[in-house]
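Quick setup: one chain, the form predicted alone, written in structure tokens, and binding and motion questions come after.
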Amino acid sequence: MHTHQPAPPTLSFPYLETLWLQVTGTLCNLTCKHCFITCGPNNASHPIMTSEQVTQAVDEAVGFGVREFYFTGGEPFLHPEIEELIAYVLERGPLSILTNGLLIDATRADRLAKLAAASPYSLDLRVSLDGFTADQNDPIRGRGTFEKIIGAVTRCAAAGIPPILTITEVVPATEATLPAFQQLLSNAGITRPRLKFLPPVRLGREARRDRGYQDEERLVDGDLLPDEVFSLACGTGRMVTAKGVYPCPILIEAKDARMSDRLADALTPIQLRHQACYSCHAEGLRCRT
């Protein structure tokens, strides 16, 4: 006997506010155990975007009135022309870069600070860390990564571009968690700390590390709040990769989530039929800075 599956909610698309670009595809210099798209040195599921693909998508988005840009991957600083692409975007809007920080030495931090100073728009670096000690972080992100990431954060702060620390909540939080991260940033020379906490997305390696989605963890028609279209990433944003356009950064490995070749053809309402959509609605996952 087949049970009837309730219909998923449909999300409207009022306008394009945010453009995400998977500039290095699924290529990364780490193999984090909670990575929901299983990025790593040997994953070419989504290849590196060419500079032309990036600039074309950016220009198309500008034509649609986009307000902000995001570079992600993989690790964006593996792109051979990343700094030229940063400069290109910063002539057109604010940019956030999601990075593990390992490829930001003092020289690069200074160059990034100069790019930021020369732009009328903001440049934000979101550096990922998964604990306020090496014992918490390194089992998730790799041996020795805690010290390397803190070194990058310190160099960026010294150069004048203090990063946002992004923490995936795979380490159980306690009352001491927030003060500990604030103190960590203070020790790195950041006087006004910015922290972003994210619930885990139960796909890819995270599904194997902990668990995947349960059957009841999915959205049905009527679940969405009236103004949720403006807070969900897919409500006013789109993700462009070398393989096409997707609703959001989370769903690029879902084959049935691919929307089109061109951004212009993807600015349409969507059904929130994937279980990962549950994390955004029920757990408050927000990709934007």
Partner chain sequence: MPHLNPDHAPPRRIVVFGGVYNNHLSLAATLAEAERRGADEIYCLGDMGGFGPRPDKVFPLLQRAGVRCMQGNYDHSIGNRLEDCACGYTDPRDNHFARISYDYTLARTSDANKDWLRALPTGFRHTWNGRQVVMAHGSTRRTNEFLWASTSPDHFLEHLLRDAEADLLLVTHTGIPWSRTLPSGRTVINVGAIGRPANDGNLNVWAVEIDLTTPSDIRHRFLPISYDHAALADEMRDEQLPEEFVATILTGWWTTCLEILPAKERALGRF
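Positions refer to the first chain, counted from 1. In this text, all values refer to a predicted model and were calculated from it rather than measured experimentally.
Although not depicted, the form predicted together with its partner chain is the subject of the following passage.
Open item on the list: Between its partner chain and 50, 181 and 244, in the predicted complex, does every residue show a non-hydrogen atom at 4.5 Å or closer?
Closed with: Not a single residue of the candidate spot has a heavy atom within 4.5 Å of its partner chain in the predicted complex.
- [ ] Would you please decide whether residue 66 lies within 4.5 angstroms of its partner chain in the predicted complex, comparing each non-hydrogen atom pair?
- [x] It does: once its partner chain is placed as it appears in the predicted complex, residue 66 has a heavy atom within 4.5 Å of it.
Task: Contact test in the predicted complex: residue 142 vs its partner chain, heavy atoms, 4.5 Å - done: It does not: once its partner chain is placed as it appears in the predicted complex, residue 142 has no heavy atom within 4.5 Å of it.
TODO: Examine residue 94 and determine whether its closest non-hydrogen atom to its partner chain in the predicted complex is within 4.5 angstroms.
DONE: Yes - in the predicted complex, heavy atoms of residue 94 and its partner chain come within 4.5 Å of each other.
Open item on the list: Test of understanding: in the predicted complex, would residue 176 fall inside 4.5 Å of its partner chain by heavy atoms?
Closed with: The answer is no: residue 176 has no heavy atom within 4.5 Å of its partner chain.
Task: Contact assignment for its partner chain in the predicted complex, among 103, 134, 207, 195, heavy atom within 4.5 Å - done: So the residue touching its partner chain in the predicted complex, by this definition, is 195.
Open item on the list: Based on heavy atom distances of 4.5 Å or less, which listed stretch (58-66, 245-253, 40-48, 24-32) is in contact with its partner chain in the predicted complex?
Closed with: Checking each option against the 4.5 Å cut-off leaves 58-66.
Task: in the predicted complex: members of 115-142 within 4.5 Å of its partner chain, any heavy atom - done: Sequence-ordered list: 116, 117, 119, 120, 121, 122, 123, 124.
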